[in-house]
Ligand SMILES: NC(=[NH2+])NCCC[C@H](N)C(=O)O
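Just one chain is shown here, as structure tokens, and it is the form predicted on its own.
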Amino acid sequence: MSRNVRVVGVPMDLGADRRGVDMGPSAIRYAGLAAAVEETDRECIDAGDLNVPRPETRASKPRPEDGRAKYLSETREVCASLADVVGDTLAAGEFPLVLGGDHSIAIGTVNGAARAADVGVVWFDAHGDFNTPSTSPSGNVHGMSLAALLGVGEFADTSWAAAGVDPENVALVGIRDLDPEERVAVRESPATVYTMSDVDERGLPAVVEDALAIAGDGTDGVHVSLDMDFLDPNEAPGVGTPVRGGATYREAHAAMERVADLGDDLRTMEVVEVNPILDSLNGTSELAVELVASALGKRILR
């Protein structure tokens, strides 16, 4: 990939059920993000953080118009702003690298990426994020983000959420924790799902190559969404919803090295769900920086 990288922080924790993930963008920057990006021979331009409402200043209960989804109106505001920033960054010929914050921000990133192009999505995550307000056990929007941007359920025909992405160009990688109704929705979706059982049988590099091919088939580019709970908690303890049995350190790097092979077909990327409060010595943020560098083309011998 030849474009300069514009970093956009979204200190969002309204979509999660644990405080601290709003500090993720700062922790990732502190872990040396700018230097790591510039080591890949690209300029790193930090656009700062979007303004995100604080939970303390908003209603603690869902608004009637939001159904059972917590802070859905506020999430809509943030994601609409993020979509504008991502769209403008792409129009300027730069690569948007979005730092979360919880995974609800993907709604904004993908909507911005899809404004002037057809995009596919590869979703690295322990979870499906395929709930809707009526199926979610928690009401947390970070568990609905993929369903939202695909227009599933109550998110159908929502101009702020549904991004027009063809679900046949969506691949989920590393899945190992689904809610009961969410499991049914994922099975019925045209999206392709690679569980950790698939990874065990085939190896992660082969799975990721297939996922990228699915996302790129007939599209103008690929969005990569990296939730740090894709990795095993032994590797990335600083996440809000850890699930045992995830990717190892080297598997995650191998996955991002395959992402780098996309070159300029990698349209956008986000890294989400880093929670420094739950971390050890900022290790999860440091790993996030390493994985971004691998996705941008850093290799052992060059």
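Don't overthink the numbering: it's just position in the shown sequence, from 1. Model, not experiment: these values are computed from the prediction.
One more form of this protein, predicted in complex with this ligand, exists but is not displayed; see below.
Put simply, Glu74 is far from this ligand in the predicted bound form: not one heavy atom of it is within 4.5 Å. Taking non-hydrogen atoms only, His223 never approaches this ligand to within 4.5 angstroms in the predicted bound form. Proximity of Thr109 to this ligand in the predicted bound form: non-hydrogen atoms within 4.5 Å are absent; the residue sits far from the partner. Although the partner is absent here, Thr241 sits close enough that one of its heavy atoms falls within 4.5 Å of this ligand in the predicted bound form.
Contact annotation: of the candidates Glu182, Glu94, Asp166, Asp198, the single residue with a non-hydrogen atom within 4.5 angstroms of this ligand in the predicted bound form is Glu182. Annotated contact segment (heavy atom within 4.5 Å of this ligand in the predicted bound form): 174 to 182, selected among 174 to 182, 147 to 155, 82 to 90, 205 to 213. Along 191 to 225, no residue reaches a heavy atom to within 4.5 Å of this ligand in the predicted bound form.
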